[in-house]
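Just so you know, structure 1 and structure 2 below are the same protein chain in two forms, each on its own as structure tokens.
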Structure 1
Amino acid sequence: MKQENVQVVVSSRVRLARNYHDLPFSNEHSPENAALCISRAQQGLTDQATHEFALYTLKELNKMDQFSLMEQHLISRDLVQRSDIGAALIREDKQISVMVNEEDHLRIQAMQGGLSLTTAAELAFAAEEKLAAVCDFSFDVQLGYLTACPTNTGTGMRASMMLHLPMLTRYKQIGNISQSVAKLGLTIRGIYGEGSEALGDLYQVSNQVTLGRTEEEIIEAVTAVGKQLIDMENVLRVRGEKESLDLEDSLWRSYGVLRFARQMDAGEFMEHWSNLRLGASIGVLPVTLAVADELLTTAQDAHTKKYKYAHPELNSTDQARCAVIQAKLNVKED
């Protein structure tokens, strides 16, 4: 079962929004308050014997490094936009990241591969307890944890799953799914790309409602929808494999482009990446899921720019992207 999950669910994530009770929210912050939030968070997480969290102060990082953390989903675009006061405490294994001075004082995020929201939630709550030991959070008996945006108040929790749904996209099912998911207080949207476009056929399912439901109910609802989508996607994958040469052909074509192209922009990469991952998960292409998932991060803009700086012989980011991909796909150049 675990294997089937991983083939469709790229990762599971739980995010908790918390604010210290004695300070105004981040938008109304003075630089002193922002610094206080960082030192409190650091105290909560690094006073442990293990010292496993590293502090990243955004204004001390260059844009490339900031965006590189963003591509790893360790920090958000919103935090990058607040780079004057923003910081992140990131655990060594990158399973937990605590953003400080984002929209809320603290955004505690826990990430897991595959379908494992429960484990992610356990990690997030363990970190939350350590942080709460330093200073109490804003809490109201009726409204729960108070957040800068009223859409997060209550549990302050967002449970989400990143799903790779190439076949449901191919058969134009996402619109219907989106409607039925909304009825459950959940939402599904593309992760990459603007507007309705979902580059790489990657979607995020998450809860919209945070007030009036328990954390367990939220996790159950998102997990249930995730499982349903896995089943629907897998039915189409089995059918696609049996019935058509078209699918197999398009997967191999993408593999060919990824292995031999000399320059590629991010949009084109995402298109072929989706076929690469689908080919890896149904065993058509000679690639592992781990390699495909790693490329999803390392072939994005900030990562390829970094690669280009390390390799001065490369002329452009798009050329560097091909070098990154081909080094990973283990191509032997003649």
Structure 2
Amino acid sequence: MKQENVQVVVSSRVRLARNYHDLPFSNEHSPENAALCISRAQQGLTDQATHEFALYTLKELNKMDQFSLMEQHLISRDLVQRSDIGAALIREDKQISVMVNEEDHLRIQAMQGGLSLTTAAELAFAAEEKLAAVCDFSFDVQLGYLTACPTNTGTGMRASMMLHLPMLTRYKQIGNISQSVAKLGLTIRGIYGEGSEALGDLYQVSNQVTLGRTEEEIIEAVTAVGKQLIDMENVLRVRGEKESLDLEDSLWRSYGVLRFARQMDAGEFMEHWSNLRLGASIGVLPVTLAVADELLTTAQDAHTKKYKYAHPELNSTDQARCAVIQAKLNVKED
């Protein structure tokens, strides 16, 4: 994988929407059917030879643990809202998670770092094959896979990439890009998908259309647009290097704030995090991409709240966030 791809693409994800053929599509008012879906999903994934799946029943988790899973992109906001019937089967390496009783009976998703949609798709389809062996999915010869929302009918696939585009944001190019991408049947959303903000200059690029396109065509389309955005972002990074003093000043200021601030809310963290990751990407700041990407999860609200409970000397979540950040940046307190 090219280094410039990793610098811009944080992760790739493929999600498959599937429903069992013999059950109504929504289990919202049927606890019995919801329980059956969980049982079937468990059965399909218990014979994995190399990886084990852990079952997370959301009603048995507190809100902090639910949001912690969401911050890791292992479950969705919609599943959290259906916590009375929702569950997730998560593989031990966290590359595959199967959400049960979200909008559809199953949402099978596979995640990979960098520009790796093909690998993510292979993982998702391998899990789907195991799940389908227990009970057939609802499928129409002409329409394809049938889903609760018509926009997912067809392949039922959503292929997406999370891209870090600070320079395109800095030069106010995102609006034009969103319009151009929409003409190709793709969309750009925020960090947690539909309806979320583009915090930290992070954007999800994904397909809008699932009907009338093959899985291969969807992956090719999203990958092609992703590569174009990588090229555009890198051109502006080179331009930024020519204006290096202003850019470097911004990056180092964020680095200083992250190292020495005593309290910080999530919104401010995301602003400085974007500069931290950009500085790591272009070799300006003494931080690795791996550290920056790990902080993207561990410095979010649910994770820092858990950290605070383990460290009672900390008075607030915002104070705990700074402790988490500074520990990861190897900063010792005086």
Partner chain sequence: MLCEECNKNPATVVITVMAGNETTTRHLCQSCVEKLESNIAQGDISTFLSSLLSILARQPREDTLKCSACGLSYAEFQSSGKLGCAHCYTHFREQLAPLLLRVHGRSQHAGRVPGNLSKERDLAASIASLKEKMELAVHAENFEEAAVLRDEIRTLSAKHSAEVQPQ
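Just so we're on the same page, rigid core means the largest C-alpha set that superposes within 1.5 Å between forms. As the structure is a computational prediction, the values presented were derived from the model and not from experiment. Start at 1 and count along the sequence of structure 1; that gives the residue numbers used here.
Asks: The form predicted in complex with the partner chain: 1 or 2?
Replies: That would be structure 1, which is the form predicted in complex with the partner chain.
Asks: Rigid core superposed, CA of Arg253 - does it shift 2 Å or more between the two structures?
Replies: No, the C-alpha position differs by under 2 Å between the two structures.
Asks: Spell out whether the Cα of Arg77 moves at least 2 Å between the two structures when the two forms are superposed on their rigid core.
Replies: False for Arg77: its C-alpha shift is below 2 Å.
Asks: Superposing on the rigid core, do we see a C-alpha displacement of 2 Å or more at Lys172 between the two structures?
Replies: Lys172: C-alpha displaced by less than 2 Å between the two structures.
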